[in-house]
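Quick setup: the structure tokens below cover two forms of a single protein chain, split into structure 1 and structure 2.
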Structure 1
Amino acid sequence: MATRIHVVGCEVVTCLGKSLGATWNALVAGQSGIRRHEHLTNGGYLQDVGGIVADFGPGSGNEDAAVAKLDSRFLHLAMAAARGAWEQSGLSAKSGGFDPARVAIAIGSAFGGLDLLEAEQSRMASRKNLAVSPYLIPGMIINQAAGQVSQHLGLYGPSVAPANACASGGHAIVLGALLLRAGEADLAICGAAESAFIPAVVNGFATMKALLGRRSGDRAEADPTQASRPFSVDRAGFVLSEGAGMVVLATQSAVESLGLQSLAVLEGWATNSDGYHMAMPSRDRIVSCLQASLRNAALAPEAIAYYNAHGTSTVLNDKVETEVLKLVFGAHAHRLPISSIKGALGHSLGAASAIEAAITVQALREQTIPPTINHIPDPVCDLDYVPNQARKASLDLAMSASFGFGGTNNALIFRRSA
């Protein structure tokens, strides 16, 4: 029988808070981390609202000394979330009780250290010898997040760095689970980190009409916290943010032998590919992915009590995802509470999927569903999106799904731990 896989640690660093607790409290209070930022307004960006982690990272004066030489924000975000998740698991205090070569690391990102690349390109152009910092290459490669976590937490198992756009974090969790199931590791630290606030990336998304952008007369003009509004009638694109999410996975035997606390069970999962379009989602392939996750967990659709949505606040995604849910859950779709925390957090691309997994685990623990904020009903999106106010509920099983450009999907199912 396949080993049961537990979540034993969770941490997030988001524009709403630099810990899971702070982020959760703000989410259930209906707050938004989206602000208008002067450096975006004046810096050649086609969108000047975003979700930025305040007082954090390189140059903030309180950066993590262990990674201080590497000036890319995604690495600092990854390190902070990994330290927090590891601490919560209790494994940092059990050094010697487990084999560090049996701890896998799976940390993804869509873009890696593009902020460092941009800064160094600019410096390079100003130098006669065209030299760049020796920290550029180490600081921008996506697998450096896993590398730094390995180095500073002393973990030596297999490491992978999924770059699956906005699905990276969930894919990382699936890869970690697969390594545990394959017997390659007993523990895994999995997640993703992202900070892609450079003009070319923001403007690239804006040009694709994926971002809200700067829209005259939009309700975000006067109140930036209303910029991200998943499933709303006037949704008009996603709002970029940064952050990181990490979970620590453990096999049943590791939980028992190390006396770890199970926060939730990773009951099932699935990933698949659209084979359809470079950026537009395939409704039918996403349906297949969600159905496969239910099969993997041997669950009927009706068993799912909460669905944490990809819910980007784009016109297309939220419409397609609503159709997907009706096809996967049938009549249950109309009874199923659905929420997108991107209304509060914006879209942190690769990190979002991992942050949402951690928040889904927290929802099970707290028996509370975080709301979809800024919500105004849309006849096209006619399900229960838990609008604007958190809701207490009896939650045993919850699904979180994410879909990435390039046509890559994941669905994770978590069960409340007894």
Structure 2
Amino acid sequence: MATRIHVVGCEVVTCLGKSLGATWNALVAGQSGIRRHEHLTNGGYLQDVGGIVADFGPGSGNEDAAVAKLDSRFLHLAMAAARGAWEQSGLSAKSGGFDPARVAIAIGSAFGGLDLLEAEQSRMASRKNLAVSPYLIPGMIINQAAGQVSQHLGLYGPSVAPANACASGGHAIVLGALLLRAGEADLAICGAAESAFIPAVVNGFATMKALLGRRSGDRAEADPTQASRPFSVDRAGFVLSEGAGMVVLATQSAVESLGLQSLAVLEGWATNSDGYHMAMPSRDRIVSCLQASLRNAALAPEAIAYYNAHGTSTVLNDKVETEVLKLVFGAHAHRLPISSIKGALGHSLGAASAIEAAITVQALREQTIPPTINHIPDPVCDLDYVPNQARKASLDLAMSASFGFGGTNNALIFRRSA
């Protein structure tokens, strides 16, 4: 029998709050972390609306001294979330009770430290000097997040750094679970971090028409908190944000031997590839991914009580995802509560799926479904998106899915712990 895998720690850092508790409370209250930001100016950026974590990171009052030399925001976000998840798991108080060489680390990102690269390139141009910081390369590479967590938490097991676009965090959780199932580790810190507010990235998404554009008369013009509106009739592109999400996984034997509290059980998962297009999703391959996760968990579609959507607020994604859910869940799709927290948080790219996994676990614990805010019904998207207000519900099983550019998909199924 395959070993049962438990979630024993969760943490997020988002534009709504620097902890899971703060983010959750704001989510269920229907708040938005999306703002207009002066430094995203017309001179350099095609969009000045985004979800940025306030008073955080390099040079702030909340700077992590351990990674102060590495001026990449994604590293600071990763460390904060990893420390919080590790602390919640109780493992920080159990040093000596487990083998640190059997703790895996799987932390991904879509872009890594491009903010540091952009800053160094600007300094090179202004100084007319080819020298760059000796911390540029260490601060830019994606696997440095796992490296810093390993170094500062004293964990020495297998380390991987998935770069699977918007699905990176979900893939990291799958990789951690696979390492536990394979017997390569007993515990794993898994997740992702992202901060990609540089002109090339923002403007790149804008020019490919994925990002919400500046349009006269758009409701976000007067109120930027309404910029991200998944499954809404007037959705017009995603809103970029930053953040990090981490979960700590443990085998059944580790939970029992260490006396850990199970927050949820990772009941099943699946990943696959579209093999279709560089950016557009493949409905049929996403259907296959979600169906595979149900098969791997030995569950009927009707068993799922909540679906945490990828729900990006783009015209195409939300339409395709709605079609996918009808094909996977059949008649149950019209009874299934579905919500996208990207309405409140924006899209933190590689970190989004890890944040959403942690929020899904919290939904099971709280027996509450966070809403899809800013929602105005669309005849094309005609399912129950838990519009605008959180909802109490009886939740035993929940699915969280994510799909990334390049056609990379994953689906995670969590069960409420007894």
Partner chain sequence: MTPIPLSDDLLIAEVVRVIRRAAKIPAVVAITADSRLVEDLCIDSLDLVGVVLQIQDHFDVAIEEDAMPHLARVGDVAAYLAGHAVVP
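Here, rigid core means the biggest group of C-alpha atoms that superpose within 1.5 Å across both forms. Because the structure is a prediction, the values reported are computed rather than measured. For numbering, take structure 1's sequence and count from 1.
Could you let me know which number goes with the form predicted together with the partner chain? Answer to the question: structure 1 is the form predicted together with the partner chain, whereas structure 2 comes from elsewhere.
Rigid core fitted, then: does residue 377 show a CA shift of 2 angstroms or greater between the two structures? No, residue 377 moves less than 2 Å.
Please determine whether the C-alpha atom of residue 41 is displaced by 2 Å or more between the two structures following superposition on the rigid core. True for residue 41: a C-alpha shift of 2 Å or more.
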